[in-house]
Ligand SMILES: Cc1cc2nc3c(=O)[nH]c(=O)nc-3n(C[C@H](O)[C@H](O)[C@H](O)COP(=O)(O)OP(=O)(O)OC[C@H]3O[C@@H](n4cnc5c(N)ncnc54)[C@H](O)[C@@H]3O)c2cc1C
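So this first bit is one chain, no partners, the form predicted on its own, shown in structure tokens.
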């Protein structure tokens, strides 16, 4: 069917109103490119529905006119999953106006929020009720909960609370053609057939548009114990993690592996960053335990665990935050890591996970292989050690005169080999998008036909975010 852009634009305007429709190049530009500037596509228009009914009407129109719909939240993804391709029939569906908090239920400890709600807005809203939503990402001030669910986001607190999938009790989603699935639920137990919400969480908008979700909340932590330590090595960090879990009754909320190379980059670009311990070793860790009890001896438990670790030779030094400002300073250093990477120049970013027992061997082997490809590459490997997730990132050499991106295919192949060797995955929390389609096809060859069958059943014309994942 020949494309009639004017007809499509008129029909979209009739659904959402012209002020919620972007068609001029200047107005569309920020939606056409991912935030890192790696991926760029084209679209007839950007449509911004404010209700589930409007989403339904848009998807009904899309199916009738064979228009591809690219759902987009805060556009903070790292794999090009929310960026259109260069096809002529694309329409970006931005969820930014789907931003209402429908309900906070203190009794069931849940929040029902629309897909366009910014993560930080949700976190702040529930705190006024003495509750806590644990999903915590560096982009929390701009990422939207619909995108968090679409990529099954992880972040800093997965070790205790799980990823986005574990925090979701129900969703509302719209299928291509306009059918709405009212799957919002506050129930922790509901075995009435297939649990369909899990098809959409992590599907990156390829099966439908998530328009709202009911999320599990928790009592707000009243006690926090936070420390920064110098590790003997990665294996010592794993042993310390296990000791901290035992000493705190499984209350470790975060356990972040931060190599010296990363800390050096942070202090290079942010000279006001405090030096928390002297003589930084090759690896450090940022540890946090939390409790909802009024008078919990959590800080004492952490201090004793670190004293024992010092005696065992697991750590070389440690600083325990004694007040809120010191804790904030420790976390500010960690949160500056992505910003320091950007300032350092072009960077190859990865999002891997592998069994804890293999991480130390993987790390050393990956460093050697990366430096064989690009001898001067800076190793910025850090991550959420508590849940097996590493971001083994590589930054271009200082004063580089060559295009660092030319090494990216070799880095991909290197990590793919190591993930096969150490039984890991190339995608732990960032999704597949455009970047990792071939990796998925190679590493899960037996599962891809099943994924494709689900995709075909729900979206037979392949109009929902095409050319993503599979």
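Source: prediction; values computed, not measured. Positions refer to the first chain, counted from 1.
Here the subject shifts to the form predicted together with this ligand, a form of this protein not shown in this document.
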* Asked: Going by heavy atoms within 4.5 Å, which of 392-400, 272-280, 208-216, 364-372 lines up against this ligand in the predicted complex?
  -> 208-216
* Is this ligand close enough to 81, 137 and 384 in the predicted complex that each of the three has a heavy atom within 4.5 Å of it? -> yes
* **Among the candidates 259, 230, 170, 71, the residue which, in the predicted complex, approaches this ligand to within 4.5 Å (heavy atoms)** => 71
* **Selected contact from 350, 112, 76, 90, since only one has a non-hydrogen atom within 4.5 angstroms of this ligand in the predicted complex** => 76
* Is residue 35 close enough to this ligand in the predicted complex to count, meaning some heavy atom within 4.5 Å? -> yes
* Given that the partner is absent here, does residue 289 sit within 4.5 Å of this ligand in the predicted complex, heavy atoms only? -> no
* Asked: With the partner left out of view, is residue 344 within 4.5 angstroms of this ligand in the predicted complex by any non-hydrogen atom?
  -> no
* To do: Check whether residue 430 has any heavy atom within 4.5 Å of a heavy atom of this ligand in the predicted complex, and answer yes or no.
  => yes
* **Stretch 122-158: residues contacting this ligand in the predicted complex, 4.5 Å heavy atom cut-off** => 137, 138, 139, 143, 144, 146, 147, 148, 150, 151, 153, 154, 155
